[in-house]
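Only one chain is included here, represented as structure tokens and corresponding to the form predicted on its own.
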């Protein structure tokens, strides 16, 4: 099934790109095709849970690959549905957008399934180049073009450093396969290998927007359509975080790994500095970019434990983050479609103008903040449990303090929505049924994961256990 998913997404993207010119005036048809392909890959991913083996020595079939297929296919399915929020589709054609999303998901799946550094790099680049184009897809948006240029240039720097690090690891070990690297390093990497691991981590830090490699993220989020910024915030991050779980487990050792310790340092910087920078933002997309940096910091803290508890926390955090973040970005997309800019000033009184929308926004914001009974709270709680189990008391204290500190910039959004009075000339907000249906569905998922996480948690723990 894993091979079938790879073939389906590769050819599905090609078909969408080829037929796109014929369906420029019917974007709903292209969205339906994309949704059908992602729905099929999601079901096939569930059926692939009991597979095992290696394809051509580079792609691993197994429970974690199955989990990646399901999570990333869910992202693709939601983005395909969310594209219907845009009135009239995308000005330059919707088919190419769906094709790029499909290839981005394919790259993410291959990244998690990699058993070889070369496959890891190629999969990462496939995913990255898709997002470069999606960020700057509308050439008429000046900020979009500028954001895509910055993102691509800094992404190329990160890719070069990652590749250089891989070359140093290969020089030391004579292997590109994960198993061969683990055997040669033997838990005690040489100075050359440590240099390679450090450069790899810098490259990965660019992709995950860890501080101090985060500079591209606020501009990319601000310049992209909200729908594309939502895809950028979840799909590459999900794939790369799970890919790092595989790297640490199979190639670079356990909790004593130098790489895991370095990840912990970058994660702490991201949590602390990302929270402070978020306080200064009035543009909601830039605020969400810094919010993403903070969330990637929490993920990094769980990764730094290099333990089953930590890796399970990473997987659950990603699932919770997918539904929460996409819900907020879909709301941004729907409001921009109604002519409402993504700024705190324009959102004043939004809860009074449309109470149902205000409630839905509150669910997503409170989950991002980590309020109890919502998915985001349990996600952070599992990270804290992993840090406590690893006896990492200093990072745990800092993380708890920053969660409380983060309430301030999240509650600024709720204060504008519910406590501020709307402008006197504010028009009525007439949302499409598609937009409301998606927002309600994602809000229900956020609540469900917050009050009944056990089935998902057991499934993800079994997937992580198989890797370790």
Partner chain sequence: MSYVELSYWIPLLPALGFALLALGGRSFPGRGSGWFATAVMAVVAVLSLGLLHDVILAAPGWNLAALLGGHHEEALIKPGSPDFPFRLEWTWLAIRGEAGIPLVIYIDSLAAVVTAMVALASLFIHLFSIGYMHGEERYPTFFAYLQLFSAAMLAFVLAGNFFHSLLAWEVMGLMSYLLIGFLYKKKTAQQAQKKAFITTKLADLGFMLGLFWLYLLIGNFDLADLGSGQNLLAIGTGAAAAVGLLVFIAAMGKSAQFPLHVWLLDAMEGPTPVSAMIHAATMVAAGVYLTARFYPLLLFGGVLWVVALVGALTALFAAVLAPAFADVKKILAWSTVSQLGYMFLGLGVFGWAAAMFHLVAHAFFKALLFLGSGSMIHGAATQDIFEMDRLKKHMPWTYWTFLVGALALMGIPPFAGFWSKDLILHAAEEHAPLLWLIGLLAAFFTAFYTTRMIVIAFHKPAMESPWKAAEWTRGAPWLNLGPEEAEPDPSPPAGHHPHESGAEMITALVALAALSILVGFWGSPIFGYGLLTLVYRGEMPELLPASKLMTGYVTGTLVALAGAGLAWFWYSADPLKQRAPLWLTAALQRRLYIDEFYYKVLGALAQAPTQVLAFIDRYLIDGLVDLAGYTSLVISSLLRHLQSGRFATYAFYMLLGALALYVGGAR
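Residue numbers count along the first chain shown, from 1. Model, not experiment: these values are computed from the prediction.
The same protein has a further form, the form predicted in complex with its partner chain, not shown here; the description that follows concerns it.
A.B. asks: Within a 4.5 Å heavy atom cut-off, is residue 206 in contact with its partner chain in the predicted complex?
C.D. replies: It does: once its partner chain is placed as it appears in the predicted complex, residue 206 has a heavy atom within 4.5 Å of it.
A.B. asks: According to a 4.5 angstroms non-hydrogen atom cut-off, is residue 436 in contact with its partner chain in the predicted complex?
C.D. replies: So residue 436 does not count as contacting its partner chain.
A.B. asks: Any of the heavy atoms of residue 175 lying within 4.5 Å of its partner chain in the predicted complex?
C.D. replies: Close contact is absent here: in the predicted complex, residue 175 is far from its partner chain, nothing within 4.5 Å, heavy atoms only.
A.B. asks: Is it the case that residue 290, even though its partner is missing from this view, gets within 4.5 Å of its partner chain in the predicted complex, heavy atoms only?
C.D. replies: Yes, residue 290 sits close enough to its partner chain in the predicted complex that at least one of its heavy atoms falls within 4.5 Å.
A.B. asks: Though its partner chain is not shown, can you say which of 122, 183, 167, 153 has a heavy atom within 4.5 Å of it in the predicted complex?
C.D. replies: Here the answer is residue option 153.
A.B. asks: Could you work out which of 199, 357, 100, 77 is the residue within 4.5 angstroms of its partner chain in the predicted complex, going by heavy atoms?
C.D. replies: Spelling it out, the residue with a heavy atom inside the cut-off is 199.
A.B. asks: In the predicted complex, does each residue in the set 115, 144 and 236 place a non-hydrogen atom within 4.5 angstroms of its partner chain?
C.D. replies: The answer is no; none of 115, 144 and 236 reaches its partner chain.
A.B. asks: Just one stretch in 68 to 76, 127 to 135, 334 to 342, 209 to 217 has heavy atoms within 4.5 Å of its partner chain in the predicted complex, so which one is it?
C.D. replies: Among the candidates, contact is made by 209 to 217.
A.B. asks: Can you tell me which bits of 276 to 290 touch its partner chain in the predicted complex, meaning any heavy atom within 4.5 Å?
C.D. replies: Contacts from 276 to 290: 276, 277, 279, 280, 281, 286, 290.
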